[in-house]
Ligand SMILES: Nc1ncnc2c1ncn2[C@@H]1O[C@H](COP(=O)(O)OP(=O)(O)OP(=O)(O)O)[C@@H](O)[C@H]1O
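Next up is one chain by itself, shown in structure tokens, the form predicted alone.
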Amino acid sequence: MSSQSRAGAGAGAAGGGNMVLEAENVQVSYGKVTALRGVDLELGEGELVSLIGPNGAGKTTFCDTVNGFLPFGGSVRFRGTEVSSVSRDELVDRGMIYCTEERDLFGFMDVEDNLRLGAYAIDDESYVEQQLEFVYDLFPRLEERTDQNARSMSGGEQQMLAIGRALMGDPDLLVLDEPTIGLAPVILEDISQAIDPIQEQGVSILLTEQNVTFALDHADRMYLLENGEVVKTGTPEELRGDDYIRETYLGG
């Protein structure tokens, strides 16, 4: 499915329309250590759902699980298909694209080569060129550094490149794991401004964040994960008004 055909799918249709991602009673353990304890989460068509929580809460483990990298108990369905029943390559082919916290860039390759690598499975060259233009419009810094090797870029520029490369893969569901961690305010603003145009392309987004303020500004719905368990859910408006959220994550 191309991004063009998904455009206009309806960003922010909280809980409405088709379910893109459904997780039920997800449990993950590393040996005797339980990382996820019965996590339930739903993400609807065109939504941005944010999973927030402190470092070590299990957010990255959840991302790794839904992307098919970890064995788990319970059920994870991507557009109705059990994640455990298909290969990781098949999930990518179906449009689940994962932008990890580590970024996973090829440091010896320049910006454009890294971006084009994200479209390795796309046969439509006109789409690739169109999406490359879209990425450069989102992040003009990348276009300015087209021939620069990724390893010589700042951390914030590398984060833009990682997100851009993920977008080149024609995502149906874009999983962004901690995209703002350690970023300078100017880069944070650039990434913040990119969120709406990405959703306007019809892309659904699962965003994990320690930066609760960033998540509140962009999410349609939110889940608070602590010690591997979902302890609160709601809209940004509901969580902004929650005493525990204000005192623990927003400084009162």
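From a predicted model like this one, the values you see are computed outputs, not experimental measurements. Numbering starts at 1 and follows the sequence shown.
As for the form predicted together with the ligand, it is not shown, yet the points below apply to it.
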If contact means a heavy atom within 4.5 Å, which one of 42 to 50, 189 to 197, 211 to 219, 55 to 63 is the stretch that engages the ligand in the model of the complex? 55 to 63
Since only the chain is shown here, I'm wondering whether residue 170 would be in contact with the ligand in the model of the complex (any heavy atom pair within 4.5 Å). no
Residue contact check: residue 110 to the ligand in the model of the complex, 4.5 Å heavy atom: no
4.5 Å heavy atom contact, residue 143 and the ligand in the model of the complex: no
Does the ligand get within 4.5 angstroms of any non-hydrogen atom of residue 178 in the model of the complex? yes
Candidate from 224, 205, 26, 35 lying within 4.5 Å of the ligand in the model of the complex - any heavy atom: 35
Near the ligand in the model of the complex, with a heavy atom at 4.5 Å or closer, the residues from 67 to 94 are none
